[in-house]
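Here we start with a single chain on its own, the form predicted alone, put down as structure tokens.
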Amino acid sequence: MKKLILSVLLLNLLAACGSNPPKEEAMAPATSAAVSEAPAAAAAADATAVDAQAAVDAQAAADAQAAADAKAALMEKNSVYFPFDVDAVQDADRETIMNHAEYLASHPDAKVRVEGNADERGSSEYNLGLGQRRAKNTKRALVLGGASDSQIETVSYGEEKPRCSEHNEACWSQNRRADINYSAQ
């Protein structure tokens, strides 16, 4: 049995050694038509490169416009609101905070001032303290979202800068806020 297997292996080995290698095809010499097509092909490649660069430039312009649109949308919602006598950032404003934090994290040279405000109820001293706590808690939320501590300044205006001057809850709720102000630096 061993002799039979050994014989089959030897025959396969001899058959493999005795086979002819594949023949390579000889290349035909270049014709004058092929030589004249080379500059046309090079010109087409250059045109393709120009089109590719134009596409890259267009994409860069689109990206810049998208960034500008994102910043504009971000600036539209730059206030977070608080219930009466509360200084903790509310869940309803977490998305606003995170959007500003992500912007600040991706733009380390940007700086903001968080301005804390209160409604007219309470003493001036109490409202200044409440506005400062609101500003500091908003800053803390921005830092937790990725912004740098050095990018954010806080100030309290208490009841000094109301957004609405009527004497009702609808108006007071607009005045209980912290504003994220990019232009006041």
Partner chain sequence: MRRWILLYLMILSAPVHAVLNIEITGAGEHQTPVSLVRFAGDAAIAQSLLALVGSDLARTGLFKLIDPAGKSPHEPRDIRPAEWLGVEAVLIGSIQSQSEGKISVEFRLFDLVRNAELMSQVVTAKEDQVRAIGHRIADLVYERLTGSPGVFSTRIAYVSRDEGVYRLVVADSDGDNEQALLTSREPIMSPAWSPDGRQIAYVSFEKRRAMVYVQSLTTRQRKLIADFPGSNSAPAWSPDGMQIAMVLTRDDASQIYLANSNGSHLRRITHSDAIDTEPSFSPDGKSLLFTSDRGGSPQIYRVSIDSRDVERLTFESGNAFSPRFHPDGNSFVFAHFNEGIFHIAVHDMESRQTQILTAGGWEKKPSFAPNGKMILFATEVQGRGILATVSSDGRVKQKMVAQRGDIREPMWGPFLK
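From a predicted model like this one, the values you see are computed outputs, not experimental measurements. Positions refer to the first chain, counted from 1.
Here the subject shifts to the form predicted in complex with the partner chain, a form of this protein not shown in this document.
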**OP:** Counting non-hydrogen atoms within 4.5 angstroms of the partner chain in the model of the complex, say which of 123, 150, 59, 53 makes the cut.
**Re:** 123
Original post:
Though only this chain appears here, would residue 154 touch the partner chain in the model of the complex if you measure heavy atom gaps against 4.5 Å?
Top reply: yes
Subject >> in the model of the complex, residue 163 touching the partner chain (heavy atom, 4.5 Å) >> reply: no
**OP:** Mark residue 93 yes when one of its heavy atoms lies within 4.5 Å of a heavy atom of the partner chain in the model of the complex, and no otherwise.
**Re:** no
Original post:
According to a 4.5 angstroms non-hydrogen atom cut-off, is residue 77 in contact with the partner chain in the model of the complex?
Top reply: no
Original post:
Taking heavy atoms and a 4.5 Å limit, what residues of 127-153 are near the partner chain in the model of the complex?
Top reply: 128, 129, 130, 132, 133, 136, 153
